[in-house]
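Quick heads-up: it's one chain on its own, the form predicted alone, in structure tokens.
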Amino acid sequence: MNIKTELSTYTKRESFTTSLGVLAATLGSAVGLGNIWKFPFMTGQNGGAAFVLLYLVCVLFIGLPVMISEFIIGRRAKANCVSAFKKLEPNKPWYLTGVIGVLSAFLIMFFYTDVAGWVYSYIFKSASGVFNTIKPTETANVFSSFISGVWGPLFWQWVVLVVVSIIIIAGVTNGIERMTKTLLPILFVLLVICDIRALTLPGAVKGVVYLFKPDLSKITGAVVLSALGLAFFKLSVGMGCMTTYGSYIGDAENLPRNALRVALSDTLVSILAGLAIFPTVFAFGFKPEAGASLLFITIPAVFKAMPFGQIFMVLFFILSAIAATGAMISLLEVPVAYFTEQWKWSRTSATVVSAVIMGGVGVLATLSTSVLSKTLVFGKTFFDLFDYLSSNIFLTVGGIFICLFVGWKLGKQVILDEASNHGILNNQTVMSVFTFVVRYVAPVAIFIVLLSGLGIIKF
């Protein structure tokens, strides 16, 4: 079957217009609170530089192959993550992989918008001087008081959804591409400013050593599993985002090179975030293994203690909000692309319906730290349940089937054809290695992550 001929009969879709737009949009999807929040606290909990080293290896052998696979599926089909499988393999249940992607996007947004709302609110808290009049040890009280409220967290969650919806309604070119091309340079500039300030603090060198000097004795089975999981989740793979964005990538773009740029740039953002956090944490005597509270409790405390700390605290939460927004844009686009193409809805209707569902069900996650804190499902709050289902089941299962589909169903010839731009690019050797990895290495590694997430294997 000549897939390209068959697919050419479909209506022309919007697409990214420049190579920079492709990089900005896909990188904007990968960069999120995981860079500013999860990467630093997981690095802190898993021994510093040794974990970073493992993470880089896992990115190359897991995250990158799955990203390239999603790009291949999306661009080959020029369709949303559900229709793409239907077009490439008609009348077969492979499309359920795309359905998993859509469901994953919803599940993640149910709780991610809650956390993003916290970040948005902290821009205004830090700018208004809330932290100027309290002791560093009291930042935990500010955070717990905020999340234990009802209308405050809900208001910021809805603000987040309105902002992201406006961008999505504007379209692929005028919304997603334009906004990510604007926001990402600002994010990099703000990160560098925060890095310069952090690295000029007395005692900052301890944080640099912690981040870059590996202690291999700290590598355990649990650390390896943590690095595997973060490398997979960090690049926005397995949730339909990269398949959807791949469908907007032009035929002249170099898919493997763009994926590599995204992976390296995303890692650079994580390292820069670490350089902003760890030297500051060590300089003021805080613990790097503070965990999830690092962003909302430890960071305000350390910035409060430094000269001009309020300014840099505001800048830090602005860049965190930018990172969160880029990730949410791609997550909301997954169901919007599906509804507009599969159900023929207008972009505005698809966006509004998706946002209302995310906001409506997301209320359960937001109130999990207040009035619904004692309401448990399978022993978990709604926030933890949505996180668990998406991170431990949906994303990993989706990632495994993406690898199996590209590696075994599409096959080597289709991979080489799409990745080489129909023979124009001379990357056959590299893609042969990719085919081996996506067939044998990546699915096995992701399956281990799945078993670990389900608690079946432990170290």
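Take the two forms, find the largest set of C-alpha atoms that superpose within 1.5 Å, and that set is the rigid core. All values reported here derive from a predicted model rather than from experimental measurement. Start at 1 with the first residue shown and count on from there.
A second form of this protein, the form predicted together with a small molecule, is not displayed here; the remarks below concern that form.
Interface residue among M358, V336, V269, I108 relative to the small molecule in the predicted bound form, by the heavy atom within 4.5 Å criterion: I108. Contact with the small molecule in the predicted bound form, judged by any heavy atom within 4.5 Å, is made by just one of F296, Y112, F71, F317: Y112. None of 24 to 32, 61 to 69, 403 to 411, 417 to 425 except one has non-hydrogen atoms within 4.5 angstroms of the small molecule in the predicted bound form; the exception is 24 to 32.
For a residue to qualify, one of its non-hydrogen atoms must sit within 4.5 Å of the small molecule in the predicted bound form; none of L228, V397 and V449 qualifies.
Proximity of Y210 to the small molecule in the predicted bound form falls outside the 4.5 Å heavy atom cutoff. Taking non-hydrogen atoms only, A327 approaches the small molecule to within 4.5 angstroms in the predicted bound form. Contact between L331 and the small molecule in the predicted bound form is found at the 4.5 Å heavy atom cutoff. Under a 4.5 angstroms non-hydrogen atom cutoff, the small molecule in the predicted bound form has F233 among its neighbouring residues.
After superposing the rigid core, the Cα of Y55 is displaced by 2 Å or more between this form and the one not shown.
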